[in-house]
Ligand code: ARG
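Given next, in structure tokens, is a single chain: the form predicted on its own.
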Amino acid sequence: MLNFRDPWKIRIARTLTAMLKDAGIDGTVEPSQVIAELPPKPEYGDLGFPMFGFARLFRKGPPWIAQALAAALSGEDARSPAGEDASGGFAAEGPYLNVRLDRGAAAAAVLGAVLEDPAFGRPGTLAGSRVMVEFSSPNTNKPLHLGHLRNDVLGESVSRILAACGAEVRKVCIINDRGIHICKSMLAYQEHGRETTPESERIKSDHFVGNWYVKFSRDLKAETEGLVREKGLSAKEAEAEAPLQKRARQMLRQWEAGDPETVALWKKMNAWTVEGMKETYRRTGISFDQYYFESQTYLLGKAEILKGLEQGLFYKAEDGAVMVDLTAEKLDKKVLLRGDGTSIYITQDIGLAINRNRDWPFDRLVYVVGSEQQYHFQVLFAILKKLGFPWAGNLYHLSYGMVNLPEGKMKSREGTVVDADDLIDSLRDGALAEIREKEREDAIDDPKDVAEKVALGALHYYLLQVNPQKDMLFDPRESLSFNGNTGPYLQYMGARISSMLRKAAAPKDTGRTFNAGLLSGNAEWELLKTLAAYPEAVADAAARMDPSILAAYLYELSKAFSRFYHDCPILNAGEAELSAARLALSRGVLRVLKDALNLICVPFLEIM
């Protein structure tokens, strides 16, 4: 909540100190020692202060302390010598001092902050810090899919939330544009493409490349199954012996050797994929400050490993491989350079992290990567600490779980992956059908644009409402519902408030001059308290790097407004002054709703 706690902490600490003095006990209670809690039920009050922590000091039970404190507070001025206002009612309830805030004063403070303070919802907890966030990390052999969509919106939302708390944020993307998987798409196109292009086939460029990857995988599967039948090999042995697999490995060697024809094909197909991916990023509101390409970074890190070897941080195995022993860190022994001196994946990540800090010195680097890579990042962070980089202790793996459809798991190589563009198209078409069914087309200037934004709201909210670490099932039909805990429900709430404020047809300053003391009903009070909690929700979401906290907050805010709207007439309040106060409260809700929706990448709609 807004800073209603601190004035009461100061007042309670001052009173407890006076009580100690009266009892002849040496001691002082500091405000930081006073714990403030939110009571589990509204009837208990607005704030609760447990007395358990003072039992040893007073040599009395917490209920006695609570009763004595209530009696002592009764004879005091609510305003402290420093000027903090701790007005309101209070009562001892068992071991707690429960406080009921002065609703009129609190309402004025909350709406004053929400409507007049541009920094409301910007807690400043990360001011002065520089945070780099890496997310998406696509491959250039296929388009973005549903799994990428969760990664993308998680990275984008966390970046926005960190920035809202005052951090300077730099969003980066590593594009995995080299390796055997890239050569598989290239080989299939080279052998079967016959100079076709995305334009000639009238297909989005990244989809075009992805289709060739599926073609290769299906042909390889047929060859593998044939070898299993004919030679009795295991599936793994057969795949290694398959002619297609051998030709793909040969193409990789040609690329690494700089063969002009192979490199030209690689550049052409990678450009197609990256162009298509960026189109999807623009569509979904995802952006980056810098792209890194694996083809430019995969040789990084080798010099750092050799330097660590000279310093005795690493050692050489019998086969010449450079190793690190992380058993003291409860990990394992890990190869850093092969016996022939070539790098492995973690070598590149070590070099890339160092290079990024040189590019843009950060205080923290956040990797948004699936939970299956947890061990990899534990090893990476431990090695960077061994190398002595001061920022290595501030590396963070924002791990997230798998996302699937009710039909089951997705498999890129079998062509059963849920394509990002196709999914959004399907959601958009579903939203457009809903608009037509409700006969809203005439009221909306661009129904297709609104349907697109509803689709993105449905998608992004559904993906973010779950704690990132949990696996989840994405149900497209459920995500599009205009009822319940969904993105479209929140968008509808914003459109509903916007419509009401338009109907008010009042001068621009209506709601800025109002009597907050009139907002004393229970529904109004619960809505005010929910509004007051917004900065804390933003700070908590940033501290935990968990947008689901804001998603839950938005749902609670919308439910609280719905109760207020049902219980408290606004435009027809009967009294102009009461209507103005309730309109001001509605405007406050709209401001917070807009801001929070933006932080979780859900488009705001004034009309829908």
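Values in this document were obtained by computation on a predicted structure and should not be read as measured data. All residue numbers are counted from 1 along the displayed sequence.
The same protein also exists as the form predicted in complex with arginine; that form is not shown, yet it is the one meant from here on.
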item: Heavy atom of residue 452 within 4.5 Å of arginine in the predicted bound form; value: no
item: Heavy atom of residue 376 within 4.5 Å of arginine in the predicted bound form; value: yes
item: Partner proximity in the predicted bound form: residue 482 to arginine, non-hydrogen atom cutoff 4.5 Å; value: no
item: Proximity of residue 208 to arginine in the predicted bound form, heavy atoms at 4.5 Å; value: no
item: Contact residue in the predicted bound form, chosen from 357, 343, 87, 176 - any heavy atom within 4.5 Å of arginine; value: 176
item: One residue of 489, 120, 525, 367 in contact with arginine, assessed in the predicted bound form (non-hydrogen atom, 4.5 angstroms); value: 367
item: In the predicted bound form, segment of 300-308, 100-108, 87-95, 349-357 with a heavy atom within 4.5 Å of arginine; value: 349-357
item: Residues of stretch 135-157 in contact with arginine in the predicted bound form (4.5 Å, non-hydrogen atom); value: 137, 138, 139
